[in-house]
Ligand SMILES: Cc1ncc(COP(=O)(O)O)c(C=O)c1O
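Coming up is one lone chain in structure tokens, specifically the form predicted on its own.
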């Protein structure tokens, strides 16, 4: 192969963008996440960000980040195992583990790294991983990296999982992997049933709570609190970059697991430690959740319901997820991108998902109305929905059947 052929092989297929006459990805954000956000020189209502509690621009979080940088500098310039495990980071790991009700935890630069590196450290070729069919790419790629048997189970289907567990033979260990909240549709995994099955069959449950921590549970402590899971026997991961409004990834569980990961998880051992300012910012968010979560949770669900009712009223098919996510079933990739285009034209920033993120021709456009959005702005967005729906439906008829 020549160098020219190599680069030609990497050339993007822009057919979808040309047909939809819009590229919704990598738009240029020119402001913070406070309302309105500035995108490509225009003001938008942000219904795309995962800032569930509206804390990404909270001045108390910014002040904590500034204080962390003032004390520790911009970066620790080393891996936690070598030079970066400062008291601030260690205290955050212990606090996060206690927050979700587990013995100990470790923080990585991102949850993608946490999910991607976890299986390499705890599983091998003699094991089997059973994973929800809709699980996040980071979990799927992490499982594949091990080289062991992988068995997908039907989405949120404990009956199918039970059937597969009953057929597992000759493996050292079985792992059952799911998310808490599936972010493309807002459904919540039946974690109680999954844990019960794991206990019966001797499997290790693994749950990614990225869209649940800071959202689910009476006190915002995530999926384990939501389902009343005490003494969770498995492995827990979560993003610190969604409701917790910062960056980083958590792996938590029993102390023996965490001690092992500190020395054998390559994505931790060989990655520069989380910046100290970010660690301080997460701590500030946990402080705020401790005192303000009930009010912020109430606004979050009120906003979800207001938006959901408006979407349904103009004829959109909204998936009936229980989480504070509204996801419109949009159809083909072209129809999905065109719907995102109509929202964009109306000054509403959304998130479109097309294959392979979702099944082929089951594209979704996701809208998250965080607790920090001004009610008047959300009301104006709902008032714009009839025009958006009409324009999209007309375009779908021109482009092909819906």
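Numbering follows the first chain given and starts at 1. Only a predicted model underlies this, so the values are computations on that prediction, with no experimental measurement involved.
Below: the form predicted together with this ligand, not depicted.
When you look in the model of the complex, the only residue of 79, 110, 120, 317 with a non-hydrogen atom within 4.5 Å of this ligand is 110. Taking 281, 220, 248, 142 one by one, only a single residue has any non-hydrogen atom within 4.5 Å of this ligand in the model of the complex, and it is 248. In the model of the complex, at least one heavy atom of residue 138 sits within 4.5 Å of this ligand.
In the model of the complex, at least one heavy atom of residue 242 sits within 4.5 Å of a heavy atom of this ligand. The closest heavy atom approach of residue 210 to this ligand in the model of the complex falls within 4.5 Å.
Among residues of the shown chain, residue 327 is not one whose heavy atoms approach this ligand to within 4.5 Å in the model of the complex.
Here the chain stands by itself, but in the model of the complex one stretch of 223-231, 144-152, 112-120, 197-205, 112-120, has heavy atoms within 4.5 Å of this ligand.
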